[in-house]
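Given next, in C-alpha cells, is a single chain: the form predicted on its own.
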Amino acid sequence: MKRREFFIKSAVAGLGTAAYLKFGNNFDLFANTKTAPDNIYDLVAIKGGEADVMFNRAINSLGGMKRFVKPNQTVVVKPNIGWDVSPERAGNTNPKLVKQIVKECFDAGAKDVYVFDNTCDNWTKCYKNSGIENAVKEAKGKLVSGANESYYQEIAIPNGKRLKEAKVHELVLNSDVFINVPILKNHGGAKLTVAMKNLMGVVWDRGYWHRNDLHQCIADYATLRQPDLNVVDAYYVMKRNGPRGVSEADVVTMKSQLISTDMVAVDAAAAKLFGFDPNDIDHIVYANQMNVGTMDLTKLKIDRISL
C-alpha cells in the first residue's frame, strides 16, 4: 500500500478524517541469515569517509536510490534540524549528507523533494545555522516549515498502547516516499536519538510523548508505518548532554553511517555503535516486541564497508 493511501485510510478508519562485524571499538554485529536478494543487503554499516561519499557507496548495497524513488514521485526527507547549533555540535543531521540524499532523489527521477522538521529551537535559526538550509537549496530541494499546527492532520494509531493518535505533518501524509535521516546522539530522556526517536519531529504535540511514557510512545508511533529508508548519520556523534549538547567537547568524530529499511534494526545497530546494549533501550525492545522490525541482527544480511 502506498504511503498516501495508508495514511488516508488510517485517518478515515480511525478518526473520520554470517559475517561477524567489528566496527571500531564499539560496533559488534553478527550477521548469519540472509533475508534480502543475493545482491541486496538488509543493513549497511560504513565508516571512514565523508558523509556524502559514504551514502553513495552504501545506498548501492541496498539496491540503489532507484529502488526507493521512482520517476515523478514526491519525496519528503526528514533530518534532525531541531537545534540552533552548528554542524560540529552534532545536534542536527550532517548537511552534506542531506544535500547528497536530495541530489540522489532527483537523479532517480523525483519530481519534488521536500525537507522539514518540527524544531525545538526557533525554526528559522535551526534551518540556517545547521547548514541544512543552504544544503537543500544547493541540491534544488524545497525546505518547508514545520512550525505551524495547521500543517498537521490528526491520524489514528490503531496499534498504539499509549499513543492512540497524533497530528502528523501533511508532507509525510502526501508524499510518495519518506526518507528518515536522524543523527545518532545521546538523549537525556530516551537515552539515544536515532531513527524511531527522530519521528517525533513529524508530529505536532511532541510534549504528549514526554508526559506519557516516552519510550512506549516512540514505539507506538513506529507501528503506524515505517519510512521507506532510514539513513543514520554518525559522522559527528554527541556522546553526552543530549539532545542539544553544550559544546564540541560533547562530540566525537566517528565518520560512520548506517542505512536500512528497518528502523528497529538500524536503531539496534546504532545503539551498538554508540556503546549501548540495544536491550537497555526500552523503545527498541518495545518496537521489536510489537513487530515493527527486528533487533536481532543475526537475522540480517549486513554489509560492512570501511573506506
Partner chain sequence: MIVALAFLLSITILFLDITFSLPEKFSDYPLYLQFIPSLLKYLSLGTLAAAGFLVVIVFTLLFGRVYCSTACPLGVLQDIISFISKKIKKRKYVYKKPLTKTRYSILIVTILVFLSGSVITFNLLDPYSNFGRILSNIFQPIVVGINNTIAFFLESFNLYWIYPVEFRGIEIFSLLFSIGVFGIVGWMSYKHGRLYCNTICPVGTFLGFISKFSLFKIGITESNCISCGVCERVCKANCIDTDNSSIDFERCIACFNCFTSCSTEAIEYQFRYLPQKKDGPIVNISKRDFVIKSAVYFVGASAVLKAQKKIEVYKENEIPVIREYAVSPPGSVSINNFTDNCTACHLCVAACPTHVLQPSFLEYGLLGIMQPRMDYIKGFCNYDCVICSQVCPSGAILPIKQESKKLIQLGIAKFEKDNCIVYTQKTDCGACAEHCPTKAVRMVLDPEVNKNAPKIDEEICVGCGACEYACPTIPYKAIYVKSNPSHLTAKLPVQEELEQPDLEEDFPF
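Numbering follows the first chain given and starts at 1. Given the structure is predicted, the values throughout are model-derived calculations rather than measurements.
There is another form of the same protein, the form predicted together with its partner chain; it is not shown, and what comes next is about it.
Participant: Using heavy atoms only and a 4.5 Å cut-off, determine which of A108, A139, A156, C120 is in contact with its partner chain in the model of the complex.
Facilitator: If I apply the 4.5 Å criterion carefully, the residue I get is C120.
Participant: Should the three residues N56, A90 and K99 be counted as contacting its partner chain in the model of the complex, with contact defined as a heavy atom within 4.5 Å for each?
Facilitator: The answer is no: none of the three residues contacts the partner (heavy atom, 4.5 Å cut-off).
Participant: Counting only non-hydrogen atoms, which stretch in 209-217, 224-232, 100-108, 176-184 is within 4.5 Å of its partner chain in the model of the complex?
Facilitator: Stretch with heavy atoms near the partner: 209-217.
Participant: State yes or no: in the model of the complex, is some non-hydrogen atom of V203 no more than 4.5 angstroms from a non-hydrogen atom of its partner chain?
Facilitator: The answer is no: V203 has no heavy atom within 4.5 Å of its partner chain.
Participant: Are any of the heavy atoms in R240 no more than 4.5 Å from a heavy atom of its partner chain in the model of the complex?
Facilitator: R240: yes, in contact with its partner chain in the model of the complex.
Participant: Can you check whether L297 is within 4.5 Å of its partner chain in the model of the complex, heavy atom basis?
Facilitator: So L297 counts as contacting its partner chain.
Participant: Are any of the heavy atoms in L62 no more than 4.5 Å from a heavy atom of its partner chain in the model of the complex?
Facilitator: No - in the model of the complex, heavy atoms of L62 and its partner chain never come within 4.5 Å of each other.
Participant: Give, in sequence order, every residue of 278-307 that has a heavy atom within 4.5 Å of its partner chain in the model of the complex, or say none if there are no such residues.
Facilitator: Counting only heavy atoms within 4.5 Å of its partner chain in the model of the complex, the contacting residues of 278-307 are D282, L297, I302, R304, I305.
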